[in-house]
Each structure stands twice: as C-alpha cells, then as structure tokens.
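The chain that follows stands alone, in the form predicted on its own, written as structure tokens.
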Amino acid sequence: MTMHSVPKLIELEIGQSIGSAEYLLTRDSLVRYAGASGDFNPIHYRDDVAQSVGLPGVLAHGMLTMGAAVQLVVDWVGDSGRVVDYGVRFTKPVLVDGRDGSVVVVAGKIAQIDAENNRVRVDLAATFADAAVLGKAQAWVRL
C-alpha cells in the first residue's frame, strides 16, 4: 500500500496548479446520489418533469456537482479531513444526457497561503460544456 504524501506548505506558491480531473455524471450517478442524499426531486431523473418546469432536461444535483469538484482537492491532499472549509456559488446547471452522461472538468490552483495556520486556499474552476458551473469555489485545506 502506498502512503499519500501531504503537500508541504514551503513547496507551494500562489497560482500553482494542484491538477485537474474529469468526472463523468450519468443518470445512474444521479439515482445513486438521490438515494444517498434523499433528494428525489424528479428534475434529477425525469426529462418530462424537468421540461414541464422550463428546464432543457434532467439536471445533476447541485450538491453532487459541488462534491465532485472538491474531490480534486481531497485527492491532492490525501485526506478529506484536511478540507476545513468549502463553499461555492452555483452559476449554471449540469444537464445530464440520458445516453452519454455529462463530463464536469475541474482544475484547482493555490490562491492563498496562510503560513501562520499551516493552511492554503485552493480555488476551483468547474466547467461543463465549456461553461463555468460553479463560481467562487474555494476550499481551505489544513496541511
């Protein structure tokens, strides 16, 4: 088993990339998330209901998109318990195609270094179909 090495504050700088990832969201993902979260709003699994309220089709749960985005930070730091604060603004929904699903692309950069408290702020960019789906997505990570 390989141990994950926690990034060292001294090795980080503002603007440094922590990497990027792609997350495939499918209708199956939405069903699983609905079961785990208890959010069974039919706009997340029925095209007819989504369209009847003016949406183009089934949308991913906002919290699922938010969770997928922060996974990049968790993978980078190696321990979800090190993420001490996380917030986003939802800017655009993720439309999930019934056949092919939808890919959310996430990239992260070091935005602030708090040496006194041994933590950093990572800013995340999350996009779907080349449009930002999260705004002001920021995670504070204790190193």
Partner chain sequence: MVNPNIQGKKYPATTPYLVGREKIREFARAVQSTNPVNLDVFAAQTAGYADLVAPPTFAVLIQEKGLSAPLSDPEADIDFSRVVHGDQRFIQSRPIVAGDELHGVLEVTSVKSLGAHSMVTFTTEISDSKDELVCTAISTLVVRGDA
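All of these numbers come straight from a predicted model, not from anything done at the bench. Residue numbers count along the first chain shown, from 1.
There is also a form predicted in complex with the partner chain; it is not shown, and the following applies to it.
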Quiz item: With the cut-off set at 4.5 Å between non-hydrogen atoms, does residue 96 touch the partner chain in the predicted complex?
Solution: no
Quiz item: At the 4.5 Å heavy atom threshold, is residue 78 in contact with the partner chain in the predicted complex?
Solution: yes
Self-check item: Interface membership of residue 125, the partner chain in the predicted complex, 4.5 Å heavy atom rule
Solution: no
Practice problem: Decide whether residue 45 counts as a contact residue for the partner chain in the predicted complex under a heavy atom distance cut-off of 4.5 Å. | Solution: no
Exercise. Scan 70-107 and note down the residues that get a heavy atom within 4.5 Å of the partner chain in the predicted complex; none is a fine answer too.
Key: 70, 71, 74, 75, 78, 79, 80, 81, 82, 83, 84, 85, 86, 87, 88, 89, 90
